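Below you'll find only one chain, the form predicted alone, shown as structure tokens.
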Amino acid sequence: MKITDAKVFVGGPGKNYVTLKIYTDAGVYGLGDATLNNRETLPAKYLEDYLIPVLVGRDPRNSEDIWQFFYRGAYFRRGPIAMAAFGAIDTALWDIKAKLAGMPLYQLFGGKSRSGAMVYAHATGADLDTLVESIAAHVEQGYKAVRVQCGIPGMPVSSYGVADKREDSKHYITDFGGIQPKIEIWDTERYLRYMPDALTAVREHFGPDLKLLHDVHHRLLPREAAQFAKTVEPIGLYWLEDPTPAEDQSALRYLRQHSTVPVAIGEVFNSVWDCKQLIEEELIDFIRVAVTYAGGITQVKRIVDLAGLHHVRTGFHGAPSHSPISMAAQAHLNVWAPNFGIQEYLVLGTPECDALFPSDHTLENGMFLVSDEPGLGVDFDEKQAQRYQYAAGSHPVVRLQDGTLWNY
């Protein structure tokens, strides 16, 4: 059995999804996702110019050897561009193997550990009243867990994940349109004064059963993160996400010494080596890697196994930049993983997206239920793909009020 060809498609409804399709001489094909948000053309070009020409002619069933060939065979290893490209190939090969076996992918991992995976939604508000309305809307839809972000009074532009206009804020998703980055203004002192009271008010309004998550998005220094975590400890957060920049992993020791708030980190990590210290020293409670740019299923499964040895649960990244292909791959890992925690879920279920990526996966009462179709359980319509073209975009850039560049 041989790989005969592979194609890369860039584009989608409102997103620049990077979709890889690998074809075989057995008539079976596999799908992978190489979307690297706002740098989408880079893994696409890496696939087309460097990886696919070497991939063609290989046996797709030898996914382990192919992963090792690309990773160990590269003198300059890791990084989001390479790992997104490797991950797309790896995911597509797992899709092929499960289809050949006539089984849903999770069966190749060892079967189900649960019937479905709890997901969390994003609630946001330019002010506390709007935030409460947004949370209530998600609870009404059946969500048992919600990430909450609230505008900070006095900031010229609202904090991370919140629109700067009240009427746009309840279901806001960051706008990455345009190559020139938008500027967000950050004020740590105002955040530290306001956000604990806002989270307390949310907890009092919705009671103890709703799982509340909050994302700091790398904005605090280690001492500030420890202070904040200690202050919000009585609220009972399900997790505090990215309290400090992920590069300085030793900073989490300082936080651990001052608070028992569960910590979630890892959405910018690209390999097991990026999160090895945090897991082995048990400095985090949830690992946030994504199949998309952490090397695919082969690598992420190793991370999950390592995390399970150290009481660390999964909390895979699931921003809108992840296509339904990568979300399906993570869904199969979620129903298998003995140390599953929760799944972020922000894929926009529009008719256009459903037409491009048809599947029988479903979301019911805050649970993601995996299809039992062979493989990933998601397809890709090449004719629909012809409707979309690449459109450049950028993440926002953060500055302090005096103009100093800060962490996004």
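Just count from 1 along the sequence shown to find any residue number. Quantities reported herein were computed from a predicted structural model and do not represent experimental measurements.
Only in words, not in the display: the form predicted together with D-mannonic acid (CS2), which the text now covers.
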Would T41 sit within 4.5 Å of D-mannonic acid (CS2) in the predicted bound form, counting heavy atoms only? no
In the predicted bound form, F109 touching D-mannonic acid (CS2) (heavy atom, 4.5 Å): no
Wondering, does H395 line up within 4.5 Å of D-mannonic acid (CS2) in the predicted bound form on heavy atoms? yes
In the predicted bound form, does S271 come within 4.5 Å of D-mannonic acid (CS2), counting heavy atoms only? no
Taking the partner as it appears in the predicted bound form, which of 225-233, 211-219, 76-84, 305-313 has residues with heavy atoms within 4.5 Å of D-mannonic acid (CS2)? 211-219
Non-hydrogen atom within 4.5 angstroms of D-mannonic acid (CS2) in the predicted bound form for each of N37, H122 and E241: yes
The listed residue (F206, Y160, Y71, Y254) that reaches within 4.5 Å of D-mannonic acid (CS2) in the predicted bound form by any heavy atom is Y160
Within 4.5 Å, heavy atoms only, which of N334, T298, T130, S321 is in contact with D-mannonic acid (CS2) in the predicted bound form? S321
Which of the residues spanning 265-286 lie within 4.5 Å of D-mannonic acid (CS2) in the predicted bound form, based on heavy atoms? E267
